[in-house]
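Only one chain is included here, represented as structure tokens and corresponding to the form predicted alone.
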């Protein structure tokens, strides 16, 4: 473990030990910073443990072309990111980029999807990427086990997936090897901007006292809404519940991820397809799981023969428009907020692009579109 600098100070304190915080801590330490990562512990909501593990590009960014470009960049960098993690830790996060599909169960849905993709790519300043709208027969050549109700779908060669729990484990091993001072059960109660740096009051499970750092990065998911205003920032996020089902392992049949169904590297099938406004309630709803399973069987009838081995509900971190917030405080320079609902897809960006910029001192104009100030611009009458 790296010892703190004089007076117990670190170059950077990262608040949040999930996928966003861990990727940033890894990238900051790799950039030569002394880092403390403060993690609330297992009492936290932890969206990272409910992630569907897609590295997904197609369809993202309608309404913000900068986000589409940011997502594509992370997808392009993900292979190199996975290689770096493997070289460092010896752990394979099972990243694959075979291209992904979004199958449809009606002609109306397929047409709506095609129209949405067209609008996305017609946006000003949009960075184009390849995609294809397929009819049923074309789709069936790639996904031979689709059900009779599937009429077609869209395909993008940039889409992929990984093992998200192994990614979190690998990042935690990596930050340990880089000397990050990981502090679980350290809930940050208060942040003060003082003496040219930041002081964080800590509480939780015997932890206490104060952590000092020259910079602070708030990557605490839902808790960012509470913490960001302490340093003149805003993180207006809300929880959105989603259910996930995992089946028993079966012979490989799905070699491409789809937006709702994917076969993992271990052989099980993950199914996720709910978007519920239920506050912070993570209670499993059997009716929702049943509806998800029924729809999945319509896509791939062979799923009906598999046993379910796990099912749970987890909470996404959503901003009002669904796009990330990346911003440095104007009133407390050196304080940053980083929040998004795509911690897997954007992990390469957070580790390889965002973290080095924070280490160097600032984000620059490139990230202005991601500022929370966009939520306060008066709407035209």
Partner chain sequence: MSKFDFEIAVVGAGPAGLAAAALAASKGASVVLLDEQAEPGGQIYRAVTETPVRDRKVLGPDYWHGAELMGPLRDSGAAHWPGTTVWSVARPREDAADGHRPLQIGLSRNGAAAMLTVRHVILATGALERPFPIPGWTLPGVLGAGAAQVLLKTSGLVPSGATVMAGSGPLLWLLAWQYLQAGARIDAILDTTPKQNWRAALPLLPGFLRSPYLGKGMKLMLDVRRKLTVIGNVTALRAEGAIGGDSALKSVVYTRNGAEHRLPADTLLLHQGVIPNLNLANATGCAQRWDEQQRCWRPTTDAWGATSVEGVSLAGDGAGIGGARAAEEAGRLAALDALHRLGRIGREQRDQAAVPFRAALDRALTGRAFLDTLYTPAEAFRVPADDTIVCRCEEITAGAVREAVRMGCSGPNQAKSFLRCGMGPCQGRLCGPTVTEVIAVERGVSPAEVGYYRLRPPVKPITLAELAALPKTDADIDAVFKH
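Everything numeric in this text was worked out from a predicted model, so none of it was measured. Residue numbers count along the first chain shown, from 1.
The same protein has a further form, the form predicted in complex with its partner chain, not shown here; the description that follows concerns it.
- Taken together, 165, 249 and 293 are fully in contact with its partner chain in the predicted bound form: each brings a heavy atom within 4.5 Å.
- Contact annotation for residue 297: at least one heavy atom lies within 4.5 Å of its partner chain in the predicted bound form.
- Contact check for residue 105: a non-hydrogen atom falls within 4.5 Å of its partner chain in the predicted bound form.
- Contact check for residue 215: every heavy atom lies farther than 4.5 Å from its partner chain in the predicted bound form.
- The closest non-hydrogen atom of residue 98 lies beyond 4.5 Å of its partner chain in the predicted bound form.
- You can rule out all but one of 122-130, 153-161, 76-84, 183-191: in the predicted bound form, only 183-191 has residues with a heavy atom within 4.5 Å of its partner chain.
- Of the residues given (262, 72, 199, 173), 173 alone sits with a heavy atom within 4.5 Å of its partner chain in the predicted bound form.
- The partner is absent here, but in the predicted bound form a heavy atom of 310, alone among 140, 226, 255, 310, sits within 4.5 Å of its partner chain.
- Looking at 283-306, the residues that come within 4.5 Å of its partner chain in the predicted bound form, counting any heavy atom, are 284, 285, 286, 287, 288, 289, 290, 291, 292, 293, 294, 295, 296, 297, 298, 303, 304, 305, 306.
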